[in-house]
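Single chain ahead, written as structure tokens, the form predicted on its own.
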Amino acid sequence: MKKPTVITGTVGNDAHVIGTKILSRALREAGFNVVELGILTPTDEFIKAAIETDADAILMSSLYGMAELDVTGFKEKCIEAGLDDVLLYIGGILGVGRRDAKEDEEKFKKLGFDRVFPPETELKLAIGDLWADLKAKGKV
């Protein structure tokens, strides 16, 4: 069986790259094939990379507070591109001001994300969730 492939990057106009770099390294160490898109990544680039690599998941990060604006309609674009089975994760500081993690989770799940992580999430937890979700979909 092939290694699961994941796409990582910082979505939209966000230039905060350190979290994505740390996550990408941890994913590689956990046995994933990681395609790093880096910073300031438009949503269409995530879709293009997922198609080109037959990705199993897209993991987006955002720390500048405008994630909702950046990803509204993203799930629909994924479906149109034939990526309706790709797992979608997002994490970071997803809005401006004091945040309620449960409200952010509800909001982004309504936007089509499978998992939503606040910035203080332990990498082991997120990677464990990813393995579990891939197993549930029969991908590993």
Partner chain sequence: MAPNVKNQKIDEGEFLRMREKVLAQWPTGKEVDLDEAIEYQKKLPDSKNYLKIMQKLHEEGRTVAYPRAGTATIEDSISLYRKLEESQVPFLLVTTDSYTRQLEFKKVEAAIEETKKTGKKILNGFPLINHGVKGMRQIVESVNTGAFNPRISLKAYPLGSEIAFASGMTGVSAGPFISWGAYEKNSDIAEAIGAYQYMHRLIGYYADRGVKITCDNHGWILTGVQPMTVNLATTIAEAMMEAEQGVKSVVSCIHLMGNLAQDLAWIRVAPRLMREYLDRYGYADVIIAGTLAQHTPLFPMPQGMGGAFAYTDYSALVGALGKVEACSIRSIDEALGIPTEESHQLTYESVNWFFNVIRGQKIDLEMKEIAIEERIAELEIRAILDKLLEIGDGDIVVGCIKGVHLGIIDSSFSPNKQVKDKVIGVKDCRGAIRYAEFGNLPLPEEVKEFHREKVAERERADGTKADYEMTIRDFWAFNKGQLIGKPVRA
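Positions refer to the first chain, counted from 1. Since the structure is predicted, the reported quantities are computational estimates derived from the model, not experimental observations.
Below: the form predicted in complex with the partner chain, not depicted.
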Item checked: Contact test, all of 4, 33 and 125, partner the partner chain in the predicted bound form, heavy atom 4.5 Å -> no
Next item on the list: Counting only non-hydrogen atoms, choose the one of 80-88, 51-59, 108-116, 38-46 that falls within 4.5 Å of the partner chain in the predicted bound form.
Entry: 38-46
Next item on the list: May I ask you to check whether residue 27 falls inside a 4.5 Å heavy atom distance of the partner chain in the predicted bound form?
Entry: no
Item checked: Contact flag, residue 75 vs the partner chain in the predicted bound form, heavy atom cut 4.5 Å -> no
Checklist line | Contact label in the predicted bound form: residue 132 to the partner chain, heavy atom within 4.5 Å | finding: no
Notebook entry, point to check: Would residue 101 show up as a contact with the partner chain in the predicted bound form if we use heavy atoms at 4.5 Å?
Noted result: no
Check: Quick one: which residues from 120-138 get a non-hydrogen atom within 4.5 Å of the partner chain in the predicted bound form?
Finding: 120
